[in-house]
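Just the one chain here, laid out as structure tokens, in the form predicted on its own.
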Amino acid sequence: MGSNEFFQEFEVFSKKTSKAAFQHQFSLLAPNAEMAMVMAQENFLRREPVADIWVVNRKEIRGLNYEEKQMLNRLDNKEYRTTKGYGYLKKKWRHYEQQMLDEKEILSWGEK
């Protein structure tokens, strides 16, 4: 049995607090999931406290294939959802505020 057949690749994720998001930390080689968990815990417990650790066999992770990635391009055509198209609003608001100040100033002249 070669080393490639004995060891499996695992991805390790952790989060620092119970409310934090999981972050990918590193990959490791281990003969099975139990040993991968022990190795991940040993690595983290020496360095810093963590709230949780996930160890996932790389074979169990599914990514997008080429056709699915092409669908992402089609979903990214909603520029109205970004704020870059609203740059003119700051100038418009400033103009509106200036008109309000002028009206207030004019009205205050009549009170004197």
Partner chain sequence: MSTNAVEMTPAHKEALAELLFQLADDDFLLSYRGSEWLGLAPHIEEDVASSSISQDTMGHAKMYFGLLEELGYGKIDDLAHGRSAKERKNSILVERENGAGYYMETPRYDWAYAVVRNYFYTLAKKVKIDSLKKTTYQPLAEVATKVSMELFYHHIHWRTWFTQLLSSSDEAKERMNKAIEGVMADFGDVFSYGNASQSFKEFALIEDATVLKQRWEAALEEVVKALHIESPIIQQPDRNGRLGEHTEELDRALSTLSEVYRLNPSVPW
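Numbering follows the first chain given and starts at 1. Source: prediction; values computed, not measured.
From this point on, the text means the form predicted together with the partner chain, which you will not see here.
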Exercise. Using heavy atoms only and a 4.5 Å cut-off, decide whether all three of Phe7, Glu34 and Val38 touch the partner chain in the predicted complex.
Key: yes
Quiz item: Is Ile53 close to the partner chain in the predicted complex, meaning a heavy atom pair under 4.5 Å apart or at it?
Solution: no
Practice problem: Answer for Glu42 alone: is it within 4.5 Å of the partner chain in the predicted complex, judged on heavy atom distances? | Solution: yes
Quiz item: Across 15 to 29, which residues bring a heavy atom to within 4.5 Å of the partner chain in the predicted complex?
Solution: Leu28, Leu29
